[in-house]
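Just one chain follows, in the form predicted on its own, and it is written as structure tokens.
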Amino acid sequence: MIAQIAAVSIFVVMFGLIITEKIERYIITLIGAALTLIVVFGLCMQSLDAIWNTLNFAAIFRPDFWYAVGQEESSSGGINWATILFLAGMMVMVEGMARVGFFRWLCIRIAKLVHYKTIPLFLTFMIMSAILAMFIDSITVILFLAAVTIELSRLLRFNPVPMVLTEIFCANLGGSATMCGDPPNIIIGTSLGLSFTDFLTNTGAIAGLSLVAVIVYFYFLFRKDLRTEGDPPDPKDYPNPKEAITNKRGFIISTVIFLLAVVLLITHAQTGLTVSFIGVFIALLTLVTAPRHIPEILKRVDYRTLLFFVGLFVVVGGLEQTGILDIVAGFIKDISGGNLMLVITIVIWVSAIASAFVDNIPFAATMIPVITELAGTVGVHINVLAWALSMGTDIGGSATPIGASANVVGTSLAAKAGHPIGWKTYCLKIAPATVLVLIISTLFIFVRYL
């Protein structure tokens, strides 16, 4: 009982401090992890097994952590090292691509293809945001897409706010379509042994249907706001895509590595190569092909996010080891009366509402053991609840300016360029789109799985 109180207290305080954003979140989770190991496992439970199971170092040395042909990838409680290694590998690859100008080249190339027309730009940038976010983290997508959007808005004389808002939303939506698109999906996939194809054929189908709906919604919402002002610019002033490439040889190599990563992810269920292996392999390939730039690439990797994940997994492990998550699962079962439709609705909408105000990464990590327990007690396949959790956390984060990291990055870039986006403007435009996608997700899951 004392161990449970301590574990819950650490978790609640950690969550509260993350919401305040006054202390860097990786510091908060690392302190929470240290307290969990010392107070909960050491003093209260006096269990070395709990510490060892939560640190989960043994998983890295199991063969199925790297190669899992004919079986599910290894997964267990505690620190999800597959998520950590895969994220680290993708970060290295993305930094290698950014160094040679890949993202800026792609944005300007697309703009040139639509002849720098505002409405076609608006539509194609939404689609590009969603597609890129299927394979690259949404923060990186928004960093480059929003920056180019603001640059083009100055040249073409239009208000960039509608485009930035829709790019943010579509990045979060695209991220829900694949296992590697959003961090919650990486956690869900590696924890439950799901493949890239599993996500693509389930959440990907929901995201594809939803993308069509939100494009129509955003078009009618913003078409009048995208009118250009003043005389059209001289075509000679349009940026040249080739000028975005800083290293032609590196650009070609980075593009090949990116395409290889996509192929490996799509086929990993067939090849048996786990996401852990793919992440490490792609990172090494990026570094080996750019030996002179290794220090530069490694310096730009977001180590703070990786440490945030490590600390988070330990704190959630405290809830798991003390049985708190079993209690939460039992509570959801009781209030739903075991009704499958109600359970799915609760998972989607509670996840969405929570993710609109708190970071969706710790919420997803916390809910995985809960839905695992729920699946066994209410008699539904764990994958169904996994898709519900994925869509709820990924899409719910779009509803407010602080719900996902991409939202914060996009609105910050717009504000720095002289186009501040307040809570009222953001929520009035984006919250209805969020509700629309959640309704589509709920109905899709009901029709397809029940």
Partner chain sequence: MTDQLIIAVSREFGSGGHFIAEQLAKTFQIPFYDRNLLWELANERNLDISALTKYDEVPKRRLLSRKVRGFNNSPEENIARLQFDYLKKKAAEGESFVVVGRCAETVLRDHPALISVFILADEQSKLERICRLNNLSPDEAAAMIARCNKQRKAYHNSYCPVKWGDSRGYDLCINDSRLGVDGTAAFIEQYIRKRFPQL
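Numbering follows the first chain given and starts at 1. Fair warning: this is a prediction, and the values are worked out from it, not measured in the lab.
Unshown form predicted together with its partner chain; subsequent notes refer to it.
S.K.: Look at the stretches 47-55, 413-421, 34-42, 385-393 and give the one with heavy atoms within 4.5 Å of its partner chain in the predicted bound form.
M.R.: Flagged stretch: 413-421.
S.K.: Looking in the predicted bound form, is its partner chain within 4.5 Å of a heavy atom from each of Arg109, Leu209 and Arg448?
M.R.: Looking in the predicted bound form, the three residues Arg109, Leu209 and Arg448 all stay beyond 4.5 Å of its partner chain (heavy atoms).
S.K.: With its partner chain left out of view, choose which of Leu342, Ile215, Leu143, Val114 has a non-hydrogen atom within 4.5 angstroms of it in the predicted bound form.
M.R.: That would be Leu143.
S.K.: Can you pick out, from Ala59, Val409, Ala68, Ile28, the residue that has a heavy atom within 4.5 Å of its partner chain in the predicted bound form?
M.R.: Partner contact (heavy atom, 4.5 Å) among the options: Val409.
S.K.: At 4.5 Å between heavy atoms, is Arg223 in contact with its partner chain in the predicted bound form?
M.R.: Residue-level check for Arg223: no, no contact with its partner chain.
S.K.: Report whether the minimum heavy atom distance between Glu151 and its partner chain in the predicted bound form is within 4.5 Å.
M.R.: Outside the cut-off, so no.
S.K.: Residue-level question: is Glu167 within 4.5 Å of its partner chain in the predicted bound form, judged on heavy atoms?
M.R.: Glu167: no, not in contact with its partner chain in the predicted bound form.
S.K.: Are any of the heavy atoms in Asp326 no more than 4.5 Å from a heavy atom of its partner chain in the predicted bound form?
M.R.: No, Asp326 stays farther than 4.5 Å from its partner chain in the predicted bound form.
S.K.: Going through 153-176, which residues have a heavy atom within 4.5 Å of its partner chain in the predicted bound form? Please give them in sequence order.
M.R.: Heavy-atom contacts to its partner chain in the predicted bound form: only Arg157.
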